[in-house]
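Next up is one chain by itself, shown in structure tokens, the form predicted on its own.
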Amino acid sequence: MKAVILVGGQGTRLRPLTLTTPKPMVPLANKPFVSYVLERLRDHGISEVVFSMGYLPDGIKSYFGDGSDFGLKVTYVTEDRPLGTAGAVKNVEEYVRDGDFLVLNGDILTDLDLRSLIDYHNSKDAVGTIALTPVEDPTAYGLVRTGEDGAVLGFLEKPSWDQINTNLINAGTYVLKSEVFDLIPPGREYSFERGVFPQLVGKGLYGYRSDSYWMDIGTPEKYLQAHYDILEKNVETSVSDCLDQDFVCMQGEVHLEAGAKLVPPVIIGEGCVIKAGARVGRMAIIGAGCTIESGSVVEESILQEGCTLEENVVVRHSIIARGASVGKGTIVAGGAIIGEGARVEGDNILTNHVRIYPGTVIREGSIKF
């Protein structure tokens, strides 16, 4: 079986992180997010993958190449305009039409058992099977109603509480027969959720319920939460073994000076320098090649690769993108995001979800927000 990964979106909710990096390549525990999707496909016996791409495709191509480093054969198809979820799959039809195939949204972190999903699909001789996951607040999603045999009975978009009779939502992973292509008009924007799947109700569309971990990483809050869940091993990933029993993962050689303190769980990338008197953790992920000077504190936060924190910087519940630097005495907290290559000089206060765009320079003491 082959798989299509949908990675065409612009990731606007994650800006400024996605202004210079396509959302699938935004690092998660110091690896491109979509690499976890590829690893899961490989580990469940999938050998051929097609990326359906749109925004900033070159970064994906250059990183994964022909896929051989991941034990996969990878093909890339770029749409020249947004085609929607189904339209994007129609655009790669020639590569996957020779049998049943998987479709995966490229912004979902999950440890869903793909083998079980495929076995269920085959056991039902289904035309299409949608992975379903339960959620605590069904009003925020489109719901999928199923019968006792798993057949999909209908869909309900973002209902009010008095309309709710299920808490199952579309989890963004499907197994489809090639005949589904006949329901998708070529060359135009079309969606599975509103276009294809409603046509298949009563005609072989099934839902596969899974209680596996599931997270859409499309917002800064959920992006942070996905890191916390990796750190606490709430989701099984290739990073889990590195955390081991002490929940401290060193991803290579790290220079940790005497007097520097790590508070688990933490992940520290290769080549990092953490000076005496600095404290990292709990819930911190530090990218490769970062430098954290004396007196600085990082907790519940992400530093992507190549960041620099000068003396007595405090970073709490925030994200600092690749190559950014923060001057001494600055506070970065409360969901703030500092974009790639930005320079925040000393004695600033960045809080309340403030976003600093890539390459910006914030002069000393100019922001107290």
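We number the residues from 1 along the sequence you see. Treat the numbers as computed from the prediction; the structure is a model and nothing was measured.
What comes next is about the form predicted in complex with a small molecule, which does not appear here.
When contacts are defined as a non-hydrogen atom within 4.5 Å, all of K23, S52 and L83 contact the small molecule in the model of the complex. Remark: of stretches 289-297, 206-214, 266-274, 85-93, the one touching the small molecule in the model of the complex is 85-93 (heavy atom within 4.5 Å). Heavy atoms of T351 never reach within 4.5 Å of the small molecule in the model of the complex, leaving it off the interface. Taking the partner from the other structure, the small molecule in the model of the complex has no heavy atom within 4.5 Å of any heavy atom of G128. Interface residue remark: R13 is counted as part of the site for the small molecule in the model of the complex, having a heavy atom within 4.5 Å.
The shortest heavy atom separation between D100 and the small molecule in the model of the complex exceeds 4.5 Å.
Here is the short version: of N105, T75, Q225, T146, the single residue with a heavy atom within 4.5 Å of the small molecule in the model of the complex is N105.
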